[in-house]
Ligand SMILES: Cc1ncc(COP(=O)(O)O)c(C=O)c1O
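Just one chain is shown here, as structure tokens, and it is the form predicted on its own.
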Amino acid sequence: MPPFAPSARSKVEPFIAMEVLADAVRREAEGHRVIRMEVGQPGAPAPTPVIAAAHAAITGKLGYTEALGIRPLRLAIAEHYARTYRVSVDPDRIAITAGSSGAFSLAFLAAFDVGARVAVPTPGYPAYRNLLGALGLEAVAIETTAETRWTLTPAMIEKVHAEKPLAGVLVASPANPTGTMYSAESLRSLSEVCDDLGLRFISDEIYHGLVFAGTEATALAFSDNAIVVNSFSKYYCMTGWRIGWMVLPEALVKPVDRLAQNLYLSNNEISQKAAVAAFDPRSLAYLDGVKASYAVNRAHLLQELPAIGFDDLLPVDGAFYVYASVRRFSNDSVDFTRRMLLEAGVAATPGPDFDSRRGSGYMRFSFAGSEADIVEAVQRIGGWLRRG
């Protein structure tokens, strides 16, 4: 019998954060206490109105929904854009997805043909390039530096496009792992250069609501051609509910609808009905309290990490990560984070997840856990470094 090999498109790089998570779970199963700073998920549960809405949904009839999502949720999201950004969005342009991951899959399939080149910044979220590669697209990494506050600029895009044509550009604001944000002016200029060059502009806005320095802006304010992705996983504390959304240019609504119909028929109806309650004023008040706890954690890390030797930190405008240099201690952040888990009981994500060339000198800490855990984590790491 001939051997059956996996497809070439399945040969994507592993998501190292998930491998660290698995190692941390194993350590906990062995009876060790591990402080979890490796994955980007809120430590707080979903708001009470969301949980109540899910309970109510379970007691009723559940079935398929429209492939693009239930109408009440799409209307609630449109109202959110009007209330938060003063931007008018037609609910028909909104697609409900299986988290932001489902949104990116649909967006890439609808917007690009096989072989298309899509620019992404580094450091950056690894699933962008891995998913693009699995779909037969080329992720074109553009290195960012402190000179541009770790963001892409129109000049960078123009230069790369002139060397070999791009089909699209993807940025995140606030970004993972850097936490940096694009100002309204920079988002406008990126949107304009993409429109001028005929490139698809995709704006990942899943950390909106979690901004500590500056003011968040949506790309929808500057271009009707932008694809905007968001999720209930981060600010709304609904990671495990696997529910997100995207706002599409009108020309991509039907293509995404057709793809969604064939890929998964429809999204989970329970999560969709529950997500409507995420916009309840009681939910928003609760979520602002969760954000305030992140602000305390952020302030503690920005003060205490330099005191124990992590004195080269990227800006933390938003999201809930600190991206820190480990070069003072090691040139191999994968080994450093492995030893830190085993010897200090703190799990974090090594930089190669986010930057294949420079990431060995960095690691990412998530501060979405409790204040007590963040304080203890710094104490543990400090003691471990002193012993070493």
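Bear in mind that the values here come from a model prediction, so they are computed numbers and not experimental data. Sequential numbering from 1, following the sequence displayed.
Another form, the form predicted in complex with this ligand, is not on view; read the next lines as being about it.
**OP:** Would you please decide whether S101 lies within 4.5 angstroms of this ligand in the predicted bound form, comparing each non-hydrogen atom pair?
**Re:** Yes, S101 lies within 4.5 Å of this ligand in the predicted bound form.
Original post:
Does at least one non-hydrogen atom of T218 fall within 4.5 angstroms of this ligand in the predicted bound form?
Top reply: Flag for T218 set to no.
Original post:
Applying a 4.5 Å heavy atom distance criterion, does Y128 contact this ligand in the predicted bound form?
Top reply: Yes, contact at 4.5 Å.
Original post:
Using 4.5 Å between non-hydrogen atoms, is R242 touching this ligand in the predicted bound form?
Top reply: Yes.
Original post:
Just one of 195-203, 120-128, 86-94, 141-149 has heavy atoms within 4.5 Å of this ligand in the predicted bound form; which?
Top reply: Selected range: 120-128.
**OP:** Select from the listed residues N297, S233, Q272, S105 the one whose heavy atoms reach within 4.5 Å of this ligand in the predicted bound form.
**Re:** Selected residue: S233.
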